[in-house]
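Here you get one chain, nothing else, as structure tokens; it is the form predicted alone.
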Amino acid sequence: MKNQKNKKRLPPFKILSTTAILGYGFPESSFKRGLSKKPDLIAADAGSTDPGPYYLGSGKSFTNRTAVKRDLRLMIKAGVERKIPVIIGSAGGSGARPHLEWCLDIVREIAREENLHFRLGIARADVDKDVVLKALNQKKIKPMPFVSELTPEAIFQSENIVAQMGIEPFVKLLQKGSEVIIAGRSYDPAVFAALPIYLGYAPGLAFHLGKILECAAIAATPGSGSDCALGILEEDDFILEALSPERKFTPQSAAAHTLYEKSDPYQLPGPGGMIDLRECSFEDIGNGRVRVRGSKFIPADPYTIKIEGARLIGFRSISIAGVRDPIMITKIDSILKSVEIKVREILKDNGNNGKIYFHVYGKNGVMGELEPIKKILSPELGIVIETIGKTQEEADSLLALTRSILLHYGYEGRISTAGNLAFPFSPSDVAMGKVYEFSIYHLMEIDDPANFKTEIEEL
């Protein structure tokens, strides 16, 4: 009991989250206001699977290089000069080797241009195919909800495979004195939670705070993914604070964002365990700040991480057109079906079996068959014609034929014969290039969560 009384309480740990995704930008005024609070960590998540599988498969970033360099320059310069650790996760958007190297090149440029000297920690998230295959054979891989069982074919067809690392690789690099850490694919909250957990703060609170800070000021009101936010972690709670005078945190905004992208509002799974929010509370403490209590972390056994992979499935072409004829609008479903039938009849002997999709905006272009409003209320429709072929030439030719047949298709009640579609662009057809799909979106059991490839580079 005496030891408990004399136990020294941990001081507040302040985390400056700059932006929802590195490259989305943030006001320098908000950043400077955050620096004035003397943060113990500057961090940002740099990636997501939200933009789809293309970026993981192609090895390209979905954020602009100039924008990423601008954000990184401000963060690294401030961090190195003030001796504040800077941590970036899911570098380059998808966090595979080409994305990580792309981001590291930017960091090295900044170091040279600003004459900065620091210890750079690098954590790689790439997983060898034979490692995944071995885990599959040992029955240590299971699919995420609504995902098929993993197959050896899917593993070998994947262009890039990454594992979503938890806090352990970050802690390993911090123990080696890293001042700036650039990591591959990461569990979003880990970027913010690794250092405070290493220092002894409660994992449940640290992970929950990281869950909110990974989107920066989106959790404030009005929300923004291009503005900074401050999180203050204490032994028994954490505080959220906006860094722009036009925003504030409220219990509602903080609680709402806690539910963001989650199917279960109370239990949020991640690497090695689950954030338990069944006893969580949100309290308005004035001046646009919110105090959060009761967040817990429940470790899991075995320790699992999410692995992601993408494979090439073809090539895409699109054409965008508008429809204003009220007669055509009332018959749009039957017209599009008839157009595809005619296209298939013409191509039946030439081996072009590519896919045709019509995305009809103003009807159900966003939700498809899930759209609850069945009656078309708009006086005009936007149609995106999409084709996917085994080659770009196949996709292009399929699109050209589909577009031309729809343009001149004669339907009952048609008055004008000049054409059914209005094209906003010339040329009307656009070759979009390679198409990828997620081939791996599974959980894999691992024995050592720190066993990611890490290295130190002196800049």
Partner chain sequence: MKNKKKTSILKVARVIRSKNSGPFELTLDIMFKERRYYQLFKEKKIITPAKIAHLYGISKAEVLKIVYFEPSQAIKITLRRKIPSGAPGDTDIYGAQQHAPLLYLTF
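Rigid core: the largest C-alpha set superposing within 1.5 Å between the two forms. The structure presented is a predicted model; accordingly, all values stated were derived computationally and were not measured. Numbering follows the first chain given and starts at 1.
The same protein also exists as the form predicted in complex with the partner chain; that form is not shown, yet it is the one meant from here on.
> Of K176, H359, R344, R108, which one comes within 4.5 Å of the partner chain in the predicted complex, counting heavy atoms only?
Answer to the contact question: H359.
> Of P51, P27, G419, G433, which residue is found within 4.5 angstroms of the partner chain in the predicted complex when only non-hydrogen atoms are counted?
When the partner chain is considered in the predicted complex, the option within 4.5 Å is P51.
> Counting only non-hydrogen atoms, which stretch in 127-135, 225-233, 263-271, 318-326 is within 4.5 Å of the partner chain in the predicted complex?
Of the options, only 263-271 has residues within 4.5 Å of the partner.
> Does any part of T258 reach within 4.5 Å of the partner chain in the predicted complex? Heavy atoms only, please.
Within the cut-off, so yes.
> Do F438 and the partner chain come within 4.5 Å of each other in the predicted complex, heavy atoms counted?
Yes, F438 lies within 4.5 Å of the partner chain in the predicted complex.
> Using the partner position in the predicted complex, report whether I335 sits within 4.5 Å of the partner chain, counting heavy atoms only.
No, I335 is distant from the partner.
> State yes or no: in the predicted complex, is some non-hydrogen atom of P379 no more than 4.5 angstroms from a non-hydrogen atom of the partner chain?
Outside the cut-off, so no.
> Mind listing which residues of 128-163 have a heavy atom within 4.5 Å of the partner chain in the predicted complex?
Heavy-atom contacts within 4.5 Å come from P145, F146, V147.
> Could you check, with the core superposed, whether the Cα atom of R291 shifts 2 Å or more between this form and the one not shown?
Not so; R291 is displaced by less than 2 Å.
> Superposing on the rigid core, does the Cα of K363 end up 2 Å or more away between this form and the one not shown?
Moves: yes, 2 Å or greater.
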